[in-house]
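Okay, so here's just one chain, in structure tokens, the form predicted alone.
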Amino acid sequence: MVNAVNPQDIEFGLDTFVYASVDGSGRAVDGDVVIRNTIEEAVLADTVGIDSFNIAEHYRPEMMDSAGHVMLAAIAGRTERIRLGTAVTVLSTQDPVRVYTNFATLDAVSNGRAQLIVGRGSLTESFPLFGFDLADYEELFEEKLDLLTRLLRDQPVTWSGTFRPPLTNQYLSPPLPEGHVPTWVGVGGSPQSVIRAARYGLPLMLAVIGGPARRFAPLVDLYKRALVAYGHAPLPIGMHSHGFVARTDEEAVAIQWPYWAEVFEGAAAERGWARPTMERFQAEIADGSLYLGSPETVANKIAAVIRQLGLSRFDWAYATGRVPHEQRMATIELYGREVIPRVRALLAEPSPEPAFSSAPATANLGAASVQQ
């Protein structure tokens, strides 16, 4: 059965890695200008009705997103309603105490609009940068997620762990009103990570950056079953994927392809992936995780995946790579003014037959529960 979704309850977000970009003539734009341009992009997103603007965290020369909370505070001062969050915070190499104080302060500055996605990080440059051992990859995230959830939910906190000093009857300021700074767990495909999100009673954000989204249906089913097993009520499920929208399918391909190819050429060299080709690019558009094309093309694909996975949130990582600021602004305008209203209209129509079977996940819930 296709999941029923109330169109008005869906959150449509924008995600950015704050890529170092080029201008219209192909010349590199200085990093400080890129940051200011990103703030303008967020202001436009607020104006055109997008629900959230979320900044990732990397420590690489091609991305300017290493201090997203500072940028979000600047955005808060120039916007009225858009939620402000991360995509994701690499919690494994952050201090949960500092994450709490940064985002509780952002929540106050923005009048209750702060949110978080936390994850382990698929890129690992922050581990040596901040003095952490990759051998502790799993244990770091588990311990820090435990502390962060305690700080968000139940102060004062008395806590001890392996990787930071203990806390005794600790209050942090500013205090958060109940339910503020909603915190999601970002997952790239690991059943154990899905079960952990359910165990902590946190919403699930699926990072789907390649291949058909239907591959994640078993993980959605696993998450729902794990929530029941841990005694939690149903919680939202979101998805993050890349894309670009222009007036026509052909224009969207022409603008995004060279920058997408550049990014994935670098990833292929660094991570041993297959080199990018136009054939692969087109396959990702047709039946993969690229939401790219005209407003109608993109809206139909987003509406389909929301139905297929029963999503409550769709975060669109717009304009991969060094796409110029003017073209980023144009794609944000189309996403807010045309794509999102069209998706809501499509979701209000009767549901079609499901495109795939939601088969049970291969992970054993009982065994994983014991291990965690």
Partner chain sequence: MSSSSPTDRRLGIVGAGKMGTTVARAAMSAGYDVAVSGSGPPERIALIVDVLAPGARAVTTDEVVGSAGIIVLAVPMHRFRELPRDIFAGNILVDAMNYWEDIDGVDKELATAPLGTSVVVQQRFSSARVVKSLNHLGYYDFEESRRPAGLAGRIAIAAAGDDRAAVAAVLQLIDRLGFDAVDAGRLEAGLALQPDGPVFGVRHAAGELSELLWAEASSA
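Since this is a predicted model, take the numbers as computed values, not measurements. Numbering follows the first chain given and starts at 1.
We do not show the form predicted together with the partner chain, though everything after this point is about it.
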Quiz item: Quick one: in the model of the complex, does every one of L123, L134 and P212 get a heavy atom within 4.5 Å of the partner chain?
Solution: yes
Self-check item: in the model of the complex, segment of 187 to 195, 247 to 255, 153 to 161, 108 to 116 with a heavy atom within 4.5 Å of the partner chain
Solution: 187 to 195
Quiz item: Can you check whether A274 is within 4.5 Å of the partner chain in the model of the complex, heavy atom basis?
Solution: yes
Practice problem: Give a yes or no for A261: in the model of the complex, does one of its heavy atoms lie within 4.5 Å of a heavy atom belonging to the partner chain? | Solution: no
Quiz item: How about H180: is it within 4.5 Å of the partner chain in the model of the complex, going by heavy atoms?
Solution: no
Quiz item: Does G201 reach the partner chain in the model of the complex if we count a contact as any heavy atom within 4.5 Å?
Solution: no
Self-check item: Answer option from M239, A299, L145, L222, heavy atom within 4.5 Å of the partner chain in the model of the complex
Solution: L222
Self-check item: Option touching the partner chain, based on a heavy atom within 4.5 Å in the model of the complex, out of A76, I285, V99, A226
Solution: A226
